[in-house]
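Just one chain follows, in the form predicted on its own, and it is written as structure tokens.
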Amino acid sequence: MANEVILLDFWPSPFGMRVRIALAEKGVKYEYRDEDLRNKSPLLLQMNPIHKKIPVLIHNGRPVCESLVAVQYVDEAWNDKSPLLPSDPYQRAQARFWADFVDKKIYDIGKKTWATKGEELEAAKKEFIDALKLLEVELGNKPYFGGETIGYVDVVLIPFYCWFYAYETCGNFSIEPECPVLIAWAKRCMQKESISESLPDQQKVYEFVLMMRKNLGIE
């Protein structure tokens, strides 16, 4: 398969980071284009006319939208190395279930830790820790959600780790004492070059969140 690969993305997006990690795991060379989401490029609007969102993976002129779909596409299109989804149908279904859980829970609750105040913030912090604890149970004693190697759920979840400092600092709480197993997993993941080089610095994300808070009138 010929490989002209472009990724339309926005640097702090945990959804875009998923695709970056998947491409790095597969060793795929690609052109990265950072989008201005307030002034979206004609290419983004052309390639994702339905949602008009990043990330969009463009492979030989054909767009693949939505991060979970794009990661699965990368896994299938470059299937000669570093499989992300298990070969067993049941295990594959379980991986998709937990990826869906991350999608439905972690981003929205995480946002509330820096975009809300008062009782709503306190409830968000508890809900966030509770969600992470459920993920800890699923991880169990395995090094990664994928078992001995990085898998689909790892790729889907680890981008949020670079947001943890912003969540903790803005929300005034600490994740590691509550979820030490998950933080140990995250640090293990960050030792992999495919992940560490795909994620921005936590401080840089925090500064971005402070700007967002200011725009929302929270600061």
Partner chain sequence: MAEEEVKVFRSWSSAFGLRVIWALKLKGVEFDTVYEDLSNKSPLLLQYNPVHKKVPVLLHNGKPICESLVILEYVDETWKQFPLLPQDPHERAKARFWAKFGDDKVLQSIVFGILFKEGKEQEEEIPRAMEILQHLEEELKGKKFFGGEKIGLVDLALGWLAYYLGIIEEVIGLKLIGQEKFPLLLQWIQEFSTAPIIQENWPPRDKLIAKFAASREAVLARGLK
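Positions refer to the first chain, counted from 1. Source: prediction; values computed, not measured.
Omitted here: the form predicted together with its partner chain. The next part is about that form.
*Asks:* Exactly one residue in E119, D100, E148, D80 has a non-hydrogen atom within 4.5 Å of its partner chain in the predicted bound form; which is it?
*Replies:* Selected option: D100.
*Asks:* So which of I175, V153, C65, C189 gets a non-hydrogen atom within 4.5 Å of its partner chain in the predicted bound form?
*Replies:* That would be C65.
*Asks:* Could you tell me which stretch in 106-114, 119-127, 82-90, 140-148 has residues with non-hydrogen atoms within 4.5 Å of its partner chain in the predicted bound form?
*Replies:* So the stretch in question is 82-90.
*Asks:* With the partner left out here, check for me: in the predicted bound form, does some heavy atom of H51 sit within 4.5 Å of its partner chain?
*Replies:* Contact check for H51: yes, within 4.5 Å of its partner chain in the predicted bound form.
*Asks:* Quick one: is V69 in contact with its partner chain in the predicted bound form, heavy atoms, 4.5 Å cut-off?
*Replies:* V69: contacts its partner chain in the predicted bound form.
*Asks:* Please check if K133 has a heavy atom lying within 4.5 Å of any heavy atom of its partner chain in the predicted bound form.
*Replies:* Contact check for K133: no, nothing within 4.5 Å of its partner chain in the predicted bound form.
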